[in-house]
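Here we start with a single chain on its own, the form predicted alone, put down as C-alpha cells.
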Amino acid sequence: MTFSVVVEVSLRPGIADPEGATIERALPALGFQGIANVRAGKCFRLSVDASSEAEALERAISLADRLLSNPVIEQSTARIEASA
C-alpha cells in the first residue's frame, strides 16, 4: 500500500530562530496584530510504500532523522495524512 505521510521539522526549544524572529518583527507593518512566538520550520509530504501505517511512519521517521533534519538542533514529527 502507499501511504501519504507528512514530516514536519522544527528547531528544538531553546534554539534561536532568526527566520521566525524576522517574520514576527514584520507582522505589525503588514497589519497583523496580536501574533507572537513565531517559529519557522519545514514540511515534507511523502508517498511511502509500506505494508502498514506503522511501517510507513517508521520509514518516514528514519528518513527525517537521517536526511531531512539535523537532530542536534532540530526535531521532527511524522504523521499519516488523512485521505481526502
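The model shown is predicted, which means the values in this text are computed figures rather than measured ones. Start at 1 and count along the sequence shown; that's the residue number.
The form predicted together with another copy of the chain exists for this protein as well; it is not shown, and the discussion that follows is about that form.
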Contact flag, N70 vs another copy of the chain in the model of the complex, heavy atom cut 4.5 Å: no
Heavy atom of E19 within 4.5 Å of another copy of the chain in the model of the complex: yes
Distance check, A54 to another copy of the chain in the model of the complex, heavy atom within 4.5 Å: no
4.5 Å heavy atom contact, R66 to another copy of the chain in the model of the complex: yes
Sequence-ordered list of residues in 44-81 near another copy of the chain in the model of the complex, where near means a heavy atom within 4.5 Å: F44, R45, L46, S47, V48, D49, R59, S62, L63, R66, L67, L68, R79
